[in-house]
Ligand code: C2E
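The chain below stands alone, shown as structure tokens; this is the form predicted on its own.
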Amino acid sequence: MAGKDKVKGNNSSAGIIKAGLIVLIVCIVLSVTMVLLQQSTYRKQVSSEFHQQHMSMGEYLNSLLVGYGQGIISVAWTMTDTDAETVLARIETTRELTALEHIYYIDRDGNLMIDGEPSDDGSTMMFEQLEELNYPKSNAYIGLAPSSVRLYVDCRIVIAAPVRTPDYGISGVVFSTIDVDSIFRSDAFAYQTQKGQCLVVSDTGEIIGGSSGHNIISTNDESFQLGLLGHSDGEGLSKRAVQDYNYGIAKKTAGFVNITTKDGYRMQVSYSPLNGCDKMFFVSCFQDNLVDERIKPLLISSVMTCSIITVLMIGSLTTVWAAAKRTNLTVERLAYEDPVTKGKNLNYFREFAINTMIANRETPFVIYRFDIANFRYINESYGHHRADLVLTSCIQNFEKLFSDRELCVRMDADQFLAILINDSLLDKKIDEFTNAVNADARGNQIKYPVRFKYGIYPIKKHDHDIDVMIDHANVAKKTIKSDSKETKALYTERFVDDMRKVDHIESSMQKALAENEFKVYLQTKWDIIDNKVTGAEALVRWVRPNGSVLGPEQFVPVFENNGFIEQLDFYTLESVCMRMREMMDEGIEVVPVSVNQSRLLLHSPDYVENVEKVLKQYNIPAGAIELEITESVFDNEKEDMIAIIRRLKLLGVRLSMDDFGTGYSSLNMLTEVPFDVIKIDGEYFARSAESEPERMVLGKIVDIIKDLGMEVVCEGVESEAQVEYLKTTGCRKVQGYYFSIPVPEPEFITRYLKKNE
């Protein structure tokens, strides 16, 4: 019996050992498989992350180079018919705005000026080579520097713009050079340069310049492609990757390839065309072993775990259990953690909110759905890293200021969601939260103020669907206009009706545009001295098939929010041009017509080209079309907007600043932006009529505008008293209901225009 028991014990032990070995083998296989899967997933994640960052920096580099080009164009334009003192001032201003080290000018005789000062180092060869550059229409050339410029300034990229003669010849060339290395040393490229190398490469493979630090590909290589081949293992896949790179360069597309290095590592090369440059590409090469170094600790940990399991057979089941537990914790973390802020995510919020409301039935709670106003500007101006610090600061400061019964999570992008106790201290805490986030932003060198827009939904006792509550808070937030000073909106049932109206408008707007339901009305601009029509403003009314007319206040705010305003504004411009052409062909005299242009339309990349196309299609004479732009378009992207304004001026259109005096107008804007007309809002001059100091200010402003060679138009004139008052200020052109309400185009033509004899 004892022997049998021993055998049984041995068999039992063997069974346990066998089971342990089976478990061990399964664990090892699972561990290796998991590591390989994690390795593959992580490689893809890092590869995507690097490429996305590359594309963002490529867009930034493009905008930087285009900005340089616009600066050079402005100097060339100024030199056409401006005195030397103004030219010097323009050069100095351009250098300050663009951070260009020097601005050169050379004429046909080889005379060279550096920052406005004569130099003896010029040559006719330099002028001839610069004259032969392929200048884009109404733009600067940005590309490889001619040999004479390279020898003179030892730089491979030149920005040049011709100074045109009246017969469209070239009397001289304004140019500057770009130091690629210094651009890559800026904070904007820190993400790439700390982990790899940034380069500017021509379409032929010439390395124009690159960042210092990780010299993966030597800038002294004969070509970038040869450098890649020399760095690779020479195998077929690596050669194929270089071929794919060449194909992408030839097609001028963006992409990335991976090669295997001589050391056995993988290297990612991301590339994208520099659309602002002539035949150049932005290339990022990331450190060969970056991914492997991050994964190595995981591999070492797994091998050590398997070794310990092998040595300690008895603890195999315990180890499996511990590994399973760690895996569960990892899964839980991935399910409930926001990867950017390291706080909780929306999945966790839903469970937390429901459990909190159940456990605290008598406590009044409120849902806040909020985002950061103009967060895109912070992202583009200060980079993704510092923008992410702002997002993280929101979560961290919320945890400091609010209780453990309250929670804030990031949903996506800059969208946040919070459940808060609705007590008397809530508004104070929200203000402290805003101040704390702004303090952190300033500590991270972000000067742009962080402003939140809050949609608020007070939770009722019968509410149980958390997603519906979140949607209600979001509906409230959407009612806050982008340019509104209001930062909070409380949900009411009225919002439901408003949303239905918005849905109805949005569902029919495209059809209405296709079927010409949007009609152009014209309102006169009146010369109060000569008592005659001097122009008109084009306004849009939506005339429905049943004859009802919707005013702009009913549909324009909806279109501004959903972006349709871009199509409507351009439709209006084209309609005005088409009608103006018909009148001129019929021998009817025309007056200048102004057309409003929205911020969204100005941001369209093809905007200037499309305006030029319409003007040429209908053969509209210079000065007949006036584009009205509100001063608010200059709030955050002033330099880009000024560059667009100058391009429009070259097309022969008149430019008007609308609503001057309603926002934060600066008189400096009048000197920086080449407007033809300044429209003063009726509310502004109505106030000045009641105050002697403001009356004096208005008179001075009118004088300054006229001295700068611009016209003044006062809009919103509704009484004879206002007309008489405006005469005393020196303003002679007005617009308003006193003279005429907006009327359909045919009625305007019949009433105010006459046919040429």
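From 1 onward, residues are counted along the sequence shown. Remember, predicted model here, so these are calculated numbers, not experimental data.
The form predicted together with this ligand exists for this protein as well; it is not shown, and the discussion that follows is about that form.
Partner contacts here mean any heavy atom within 4.5 Å of this ligand in the predicted bound form, and among 536-544, 236-244, 191-199, 122-130 they occur only in 536-544. Taking a 4.5 Å heavy atom cutoff to this ligand in the predicted bound form, the contact residue among Gly563, Pro552, Gly255, Pro136 is Pro552. Only one of the listed residues (Glu574, Asp414, Glu628, Glu631) places a non-hydrogen atom within 4.5 angstroms of this ligand in the predicted bound form, and that residue is Glu628. Among residues of the shown chain, Glu715 is one whose heavy atoms approach this ligand to within 4.5 Å in the predicted bound form. Within 4.5 Å of some heavy atom of this ligand in the predicted bound form lies at least one heavy atom of Val556. In the predicted bound form, at least one heavy atom of Asp659 sits within 4.5 Å of this ligand. This ligand is not shown here, but in the predicted bound form it comes within 4.5 Å of a heavy atom of Ser598.
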